[in-house]
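First, one chain by itself: the form predicted alone, in structure tokens.
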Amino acid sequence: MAVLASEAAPVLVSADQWRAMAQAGERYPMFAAERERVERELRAAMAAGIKVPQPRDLGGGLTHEQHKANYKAIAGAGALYRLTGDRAYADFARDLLLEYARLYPTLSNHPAGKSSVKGRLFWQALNDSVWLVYSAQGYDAIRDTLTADQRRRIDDDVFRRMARFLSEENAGYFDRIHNHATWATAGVGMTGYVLRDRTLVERALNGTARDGKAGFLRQVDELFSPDGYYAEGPYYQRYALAPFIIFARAIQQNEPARGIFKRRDGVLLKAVDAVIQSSYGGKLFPINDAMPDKGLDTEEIVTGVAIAYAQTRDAGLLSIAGQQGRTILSPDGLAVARGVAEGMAKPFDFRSMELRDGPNGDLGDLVFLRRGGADGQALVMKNTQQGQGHGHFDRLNWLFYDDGHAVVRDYGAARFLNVEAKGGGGYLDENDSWAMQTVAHNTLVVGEKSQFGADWRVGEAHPTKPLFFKAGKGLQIASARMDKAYEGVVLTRTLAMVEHPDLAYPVVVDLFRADARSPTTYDLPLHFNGHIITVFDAEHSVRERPVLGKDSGYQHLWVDAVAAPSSQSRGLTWLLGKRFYTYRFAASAPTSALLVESGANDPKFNLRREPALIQRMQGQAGASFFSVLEPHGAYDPTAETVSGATSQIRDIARARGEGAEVIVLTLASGKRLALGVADVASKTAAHAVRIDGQVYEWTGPYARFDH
């Protein structure tokens, strides 16, 4: 049936909204700059001509990148047509889409598809869904410029066919609770709005059975915690944010009565805040399956910030937009550009917080302890789930940032995204053999095997239990426990950020306790970042470079130095940027200390070469590892000056009492700083621990003592 031009008017952004942007956009530099950027890219694409190739390549290949460029061009052309009135843009989008109308009906599964659900245009259906989300926006903007026959061909042979492929032919895929399905539901739902097809809209919102047991709304309910933490972690929260926020905006535009941005106490808007909080220096914390170079300037977060600002008018989001340096060509982007131009931006509130995991908030947590604002100190404690297969076996892991750098870092994923020469741009074999293994992270390894037997499904079934979290003045602390990572072993970690007048910067105190049924081997890695300045006494590997083990990630570690078992505390100092860091560590029984580096058994040079310190304890059932990380001093290579290069912590000691432990730091000034930590999180239980003639008494899960 022919569609009248009046029934083809834009619905994702109304004609009135487009006119308002066209009239006001030039007044606001950020919006004008984005329009110019899109125009430059689109003019180059128009000069190159219509290119809609037969699909052939994996991610990063020529045909993959061309189809990716095409959906950006379709979206950009639609926006520019509405903003400028230049019919050439609409005609270019039309001609591209007509070529897809010719090609798409001839396609079957992608010839290079490796995914469990292969795409038609791309090697995996996920990318087809992304194409649909962005192309639907461009098509909506130009649809009323087409003849009835052109609309019919594009409606039926591109958008309806693609929606049918994603939702009917791959119903199981479409009904998953997963980011791939989020993109699919968003694309199909937006297609439904554009084509005025309520069946497609309802299928997208409530699943193929339209009973609410699947679909976009169920994903909003199941994939985010009450705090806005996304089940797969910050890296995939960044990626999944786009379809959630873009489709939510389309729902709000067309069905405001649904109150999509109020659903679950505004969880989608909380999700924008949560992903920004999950960053330092503009880069996302690389927990789980993550690229360490992804940051807040990605397209998805630019979109999320704009739409969230339009809904909330949170001035802190304007400062993030200012750092991003761009916005989007939408009413939301115009609101951001206006706010920035009018000086309404306020610093974003990077704060200490606990993000609970799981739809009910009872499946672990991700903790941020911060001091000194956006570029000060940030301690991250990772107690979340496995991330639906996008997680590593690294519960009770931690990272530390200071002075603009990752000081204690995480490897992230072993992948060169879209670099075809490196495994087609997909995950490398070393992602399984190294990056996902426990020893590649900053948490305890028992028996030289990864947590949960390196099976993410097992890990997903056994959440970590947060014990307490408190961000107080001078002391910020968090603790969590896990008892199913290894059979018969209970692991408990407490991390604290502590300030003291005699210390230039906050220090990190770490207590990691393990209780096993029988004696075993414990390895506690610290993946540090910087150049070693001073090191504990150790025997160095000079003539040969042995490999630490045979599997579970150990096969990828060269051993550079080994210190014999000792009960005395040791220290390691390194320089990073313009600051020194001293890590002082010991344990409840003699431990050896190994300096290692990643890269062994890596003939294709797929791994980054990064150092680590491993504390090893053997033949013990119960163990406590305790340490302090101290930032100190200043190094100025320009002025050739060094100050404060010596640690101001002289020693670290520990004692155990009945159901509690105390860690004591002895400072260079002679003062002592102690932290008491109980085994149970009871607020009323009393504890007493004696160390060096001093009795430390307190009530509650923890206490600080100054002498």
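Rigid core: the largest C-alpha set superposing within 1.5 Å between the two forms. Start at 1 and count along the sequence shown; that's the residue number. Here the structure is a predicted model, which means the values were calculated and not measured.
FYI, the form predicted together with another copy of the chain isn't displayed, but the following is about it.
- Taking a 4.5 Å heavy atom cutoff to another copy of the chain in the model of the complex, the contact residue among V419, A589, A148, A461 is V419.
- With the partner omitted from this view, the residue of Y505, W558, Y173, F452 that lies near another copy of the chain in the model of the complex is W558 [heavy atom within 4.5 Å].
- Partner contacts here mean any heavy atom within 4.5 Å of another copy of the chain in the model of the complex, and among 481-489, 630-638, 443-451, 335-343 they occur only in 630-638.
- In the model of the complex, another copy of the chain sits within 4.5 Å of a heavy atom belonging to T534.
- With a 4.5 Å cutoff on heavy atoms, R238 counts as touching another copy of the chain in the model of the complex.
- Put simply, D293 is close to another copy of the chain in the model of the complex: some heavy atom of it is within 4.5 Å.
- Using a 4.5 angstroms threshold between heavy atoms, G549 counts as touching another copy of the chain in the model of the complex.
- With respect to another copy of the chain in the model of the complex, the three residues D297, H540 and R609 uniformly fall within 4.5 angstroms at the level of their nearest heavy atom.
- In this stretch, 200-229, not one residue has a heavy atom within 4.5 Å of another copy of the chain in the model of the complex; the partner itself is omitted from this view.
- G657 is not among the residues whose C-alpha shifts by 2 Å or more between this form and the one not shown once the rigid core is aligned; its shift stays under 2 Å.
- E26: CA moves less than 2 Å between this form and the one not shown after rigid-core fitting.
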